[in-house]
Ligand code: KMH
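In structure tokens, the next block holds one chain alone, the form predicted on its own.
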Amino acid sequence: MTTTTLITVAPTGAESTKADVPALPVTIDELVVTAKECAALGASVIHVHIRDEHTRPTLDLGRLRDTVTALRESTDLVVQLSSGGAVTDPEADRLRVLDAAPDMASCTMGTVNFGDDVFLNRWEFIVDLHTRMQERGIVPEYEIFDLGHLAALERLLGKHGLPAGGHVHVDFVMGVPGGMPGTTAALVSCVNELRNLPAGTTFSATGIGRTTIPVMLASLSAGGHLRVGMEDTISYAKGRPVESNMQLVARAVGFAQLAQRPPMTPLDARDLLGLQTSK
């Protein structure tokens, strides 16, 4: 059982609109403010989606590079870019995310129904993303939306080797309509399957919407880590919208402390994840 908790903040995502959620950080300046606030509370990783000048999701490489630079200059957080983008983004644009040279990038381990859409992740694309990250020293976070994605990860590592840094870290994304439910039983099933992955594999868990708190508690009780943020929920409680990402990080920190597993520092997170101390 780990004695500290890695807390990732996912502040924006690609689903909510600024018009509907005015508190959503969509500019680089807003992301920097959010990053500083959440780092001060105990976050050690920031999972980043970006928006264009019209607040729409984008994978513009120049904007990605500027965002990575700004976050590195203003915080010590591990900068993790989403290679998923929006469900409509083409594979070439998703691979180009790596050109922004983040510390980490997400690598989703299979296709999943995503509400009314389909989040497509072909095997060939997954292999390409994994091997490019190996070559560039970018550490992946393997996103698991369903139990079968863990079998795909076992296959990937068996055929193409360990990720950059040598450590395997996964994130269970739970409660997406079309993916696995955000329940304790589902999380336990995933944790049981980790025995098929390399020794020392660690996991975080993300609960979407109303599953946020159940998943958070289940992950802590199972020795896992946490991802929270306005990408995953815009409701703090019934009838109470999220006012800022700070609220969600503060709640996660509180639960982690109650579990006697206080937040991990960014330096400790880098050590856990197999990252260099600086890029």
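If you're wondering where the values come from, they're calculated on a predicted model, not measured in any experiment. Just count from 1 along the sequence shown to find any residue number.
Form predicted together with (5S)-5-amino-3-OXO-hexanoic acid (KMH): not shown, discussed below.
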{"item": "Which of 216 to 224, 46 to 54, 246 to 254, 61 to 69 sits within 4.5 Å of (5S)-5-amino-3-OXO-hexanoic acid (KMH) in the model of the complex, heavy atom basis", "value": "46 to 54"}
{"item": "Interface membership of residue 23, (5S)-5-amino-3-OXO-hexanoic acid (KMH) in the model of the complex, 4.5 Å heavy atom rule", "value": "no"}
{"item": "Non-hydrogen atom contact residue 143 with (5S)-5-amino-3-OXO-hexanoic acid (KMH) in the model of the complex at 4.5 angstroms", "value": "yes"}
{"item": "Exercise: residue 82 in contact with (5S)-5-amino-3-OXO-hexanoic acid (KMH) in the model of the complex, heavy atom 4.5 Å", "value": "yes"}
{"item": "Interface membership of residue 86, (5S)-5-amino-3-OXO-hexanoic acid (KMH) in the model of the complex, 4.5 Å heavy atom rule", "value": "yes"}
{"item": "Those residues of 85 to 122 which, in the model of the complex, come within 4.5 Å of (5S)-5-amino-3-OXO-hexanoic acid (KMH) by heavy atom", "value": "85, 86, 87, 106, 108, 114, 119"}
